[in-house]
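This document starts with one chain, in the form predicted on its own, laid out as structure tokens.
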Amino acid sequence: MSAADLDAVADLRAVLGDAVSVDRTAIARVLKDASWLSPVLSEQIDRRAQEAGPVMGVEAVVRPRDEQELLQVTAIAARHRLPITPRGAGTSGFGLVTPERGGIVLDTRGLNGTCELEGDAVRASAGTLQGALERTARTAGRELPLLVTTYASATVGGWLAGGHVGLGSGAHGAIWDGSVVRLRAVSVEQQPVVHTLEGAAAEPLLHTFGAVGLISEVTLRTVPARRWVEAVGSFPTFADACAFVAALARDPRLHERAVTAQEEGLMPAFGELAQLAGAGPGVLMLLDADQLADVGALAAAHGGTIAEWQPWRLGRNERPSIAAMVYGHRMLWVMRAFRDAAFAHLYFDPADPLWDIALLKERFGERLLVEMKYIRSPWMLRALGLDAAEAKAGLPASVVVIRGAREHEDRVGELLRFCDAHGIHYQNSHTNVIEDNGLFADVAPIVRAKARLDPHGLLNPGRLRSAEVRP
């Protein structure tokens, strides 16, 4: 360490005591996230580790236990101009806990406590597991509109800073679509300030990789709770499965927390669930248990059948949960079957999503395996330049599986270039730079928020290329 770094760590230890660790093993442990899912990010991180060493210049892990300690950490970091890499539970797949400039890792898991109901909302510290908020809401007959698939391990602040969709997105959209009632965010300056950001004012901190402000507390809206059941559908063709998913998404009377069509080649990745579905394409579902017969009739109208898997429970389920086989969590299941695979988040034309899928299959064949779902997100439709009024079922979305991506260096780039050439929208999950993500055509509001909350550019440096730093 430099003399200045030694002084900074000494100041932190004087204030927080054993909440500050300089143990290199502990540092290396918290520098891991799910970026191994991306061959592009994995290569970048390996190169960074070779250049800067296994702890990448990080001098300490700091784990504040409440908002007051967080204020003390940010004041010391600002005084010493010490970079901060915020970390929740590390479930993100964006390489967000790989520091560009060393400094400290701020482990927010110490910022946890009780969840409190506020009318039709639930409030908790940022380090609280999202599943705890869902559990609290259910005591009042409510539930979260969006639930990350890693709800048993993901912190709510980390999910909002790094993720954007989850269980319930087919009905309630993404985190920008009214799920966030309020955030408390701590600025990184010598006299830090706690800012209360309500509604749209909180948007610049959502899915911006922890680079804009330090979230200390979250208030999320809730909706009436339903009794969910997990089920799997079987259909003659993938087109039939997609047509069923679209029809279900368009019907406001039918309630679902997840409905995703899977190509036949993907189904074996889901183990014994595939045996229940039988041969052919499948649909993985979390449905309102009281509407199972109605959804079954809709499936039959599209040539398919539905089989119940198990009731969904917030805690441990008797069998592997379909809730952990959809959205981002599905990658872990698919990697069991295709260890050489990578993934890409694609968004299709709402007017004719099957046309985009046909283009992809014509070009890539079985090297590309497709799932299909809908996200009812006016915010994302606007961000992608699509007409929200015409997208009656929502935004057609897919996490496609790119086979052989770890053996062939540029297979991810080849897919994204093809999408660029054919007008297929995507979110680039193989970058940890906000401007390159694909969902932020205008970063000006993000730049302004960061200038106010992080004037010295100490939060996750390098994540916002357009950041303005106060002289």
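Note that the structure is a prediction, hence the values are computed from the model and not measured. Numbers follow the displayed sequence, beginning with 1.
Absent from the display: the form predicted in complex with a small molecule. The rest refers to it.
Sole residue of Gly103, Gly162, Pro204, Gly233 within 4.5 Å of the small molecule in the model of the complex, by heavy atom: For this set of options, the contacting one is Gly162.
Tell me, out of Gly328, Pro99, Gly168, Gly131, which residue has a non-hydrogen atom within 4.5 angstroms of the small molecule in the model of the complex. It is Gly328 that has a heavy atom within 4.5 Å of the partner.
Might Ala34 be said to contact the small molecule in the model of the complex, defining contact as any heavy atom within 4.5 Å? Output for Ala34 is yes: heavy atoms within 4.5 Å of the small molecule.
According to a 4.5 angstroms non-hydrogen atom cut-off, is Ala89 in contact with the small molecule in the model of the complex? So Ala89 counts as contacting the small molecule.
Tell me, yes or no, whether Ala154 is in contact with the small molecule in the model of the complex, where a contact means a heavy atom of each within 4.5 Å. Contact with the small molecule, yes.
Phe209 near the small molecule in the model of the complex, any heavy atom under 4.5 Å? Taking the distances in the model of the complex, the answer for Phe209 is yes, it comes within 4.5 Å of the small molecule.
Please name which of the stretches 145 to 153, 390 to 398, 249 to 257, 303 to 311 has residues with heavy atoms lying within 4.5 Å of the small molecule in the model of the complex. Going through the listed ranges, the match is 145 to 153.
Are all three residues Thr108, Ile215 and Asn460 in contact with the small molecule in the model of the complex, where contact means a non-hydrogen atom within 4.5 Å? Judged in the model of the complex, Thr108, Ile215 and Asn460 all sit within 4.5 Å of the small molecule.
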